[in-house]
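Just one chain follows, in the form predicted on its own, and it is written as structure tokens.
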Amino acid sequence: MNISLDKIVAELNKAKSVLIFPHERIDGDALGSSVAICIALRRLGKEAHILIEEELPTNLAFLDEGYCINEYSSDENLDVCLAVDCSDVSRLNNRKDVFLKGKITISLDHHFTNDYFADINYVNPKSAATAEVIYHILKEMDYPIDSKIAEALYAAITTDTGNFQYSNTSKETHLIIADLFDTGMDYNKVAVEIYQNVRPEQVKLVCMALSTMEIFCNGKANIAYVTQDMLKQFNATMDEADGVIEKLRDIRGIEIAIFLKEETNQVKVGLRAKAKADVSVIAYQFGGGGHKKAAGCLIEGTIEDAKKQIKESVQNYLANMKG
């Protein structure tokens, strides 16, 4: 169901205006990939913007240098609506209707759960991040990748590979990074902004979240959570709880880590696997998805409701997991 990269490039070259749609609850790959293609399109003389509907995570906001907008009023100039890192159209949330008004809709992604919702789709589950797809599109366009674009792609890839620790990291990933290094990009600046720029309030929030940890399944799984009250207590934001799940996974003996984020009438569930487990299978049971080692879903109800349901699912999975 994939179309060739050269046909996608042809559509982008024809377009005078391109509106870019990263998925809701934007992460490093979605934003970095969107910024990289937005820069390139603007330099080619096209009207290009990234349409978002939420505040950017504090550690990623440095990537936005006037590319992101919160509303788009004109329906007539949408030659191409480009979804980036979205597995299905529902992940565009309140922007879905605007996306569908594009004369041509395109989806660029790397999730194997992608349902090919656009007019034109290119999905490569072997790519560690959608940024790798964007990289190859820029190469197909014969567009020179400079340090600014390289930094956006680097931010996307480092975050989606867990700073090159996840099993989705490949030889291809490292070859792309090597090519990005040749642009003279400031990779240290990117690393500092993403990983070494936390507020004291964030440290306090992370400590509180980790204090809720419960280990189960004979030490093979753990679960922790963050609530809205905890955010108020430390004057913190939900995105500042990102990274807790990796700390849970890193504990010796843990195969599956679970982190719950309380939202209005629902709970966002993050899942991480260390070695043999496939947490996308668990997320799929709740209408979610993702990758083998990193997945997520939403569960209606309270923290306690979500905790009970997801623990039961993980217990059943690990009881039946071979090896």
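All residue numbers are counted from 1 along the displayed sequence. No experiment lies behind these values; they were computed from the predicted model shown.
Although not depicted, the form predicted in complex with another copy of the chain is the subject of the following passage.
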| The single option of Ile120, Val98, Ala191, Val89 touching another copy of the chain in the predicted bound form, heavy atom within 4.5 Å | Ala191
| query | Though another copy of the chain is not shown, can you say which of Thr113, Ser147, Thr227, Ser167 has a heavy atom within 4.5 Å of it in the predicted bound form? | reply | Ser167
| another copy of the chain in the predicted bound form: contacted by all of Lys14, Lys103 and Lys126, heavy atom 4.5 Å | no
| Closest heavy atom of Tyr72 to another copy of the chain in the predicted bound form, within 4.5 Å or not? | no
| message | Given that another copy of the chain is not shown alongside this chain, does Asn93 nevertheless sit within 4.5 Å of it in the predicted bound form, heavy atom to heavy atom? | response | no
| field | Close approach of Leu231 to another copy of the chain in the predicted bound form, 4.5 Å, heavy atom | value | no
| query | Any chance Pro200 has a heavy atom within 4.5 Å of another copy of the chain in the predicted bound form? | reply | yes
| remark: Given 172-180, 135-143, 81-89, 104-112, the stretch touching another copy of the chain in the predicted bound form at heavy atoms within 4.5 Å is 172-180
| Taking heavy atoms and a 4.5 Å limit, what residues of 251-267 are near another copy of the chain in the predicted bound form? | Ile251, Arg252
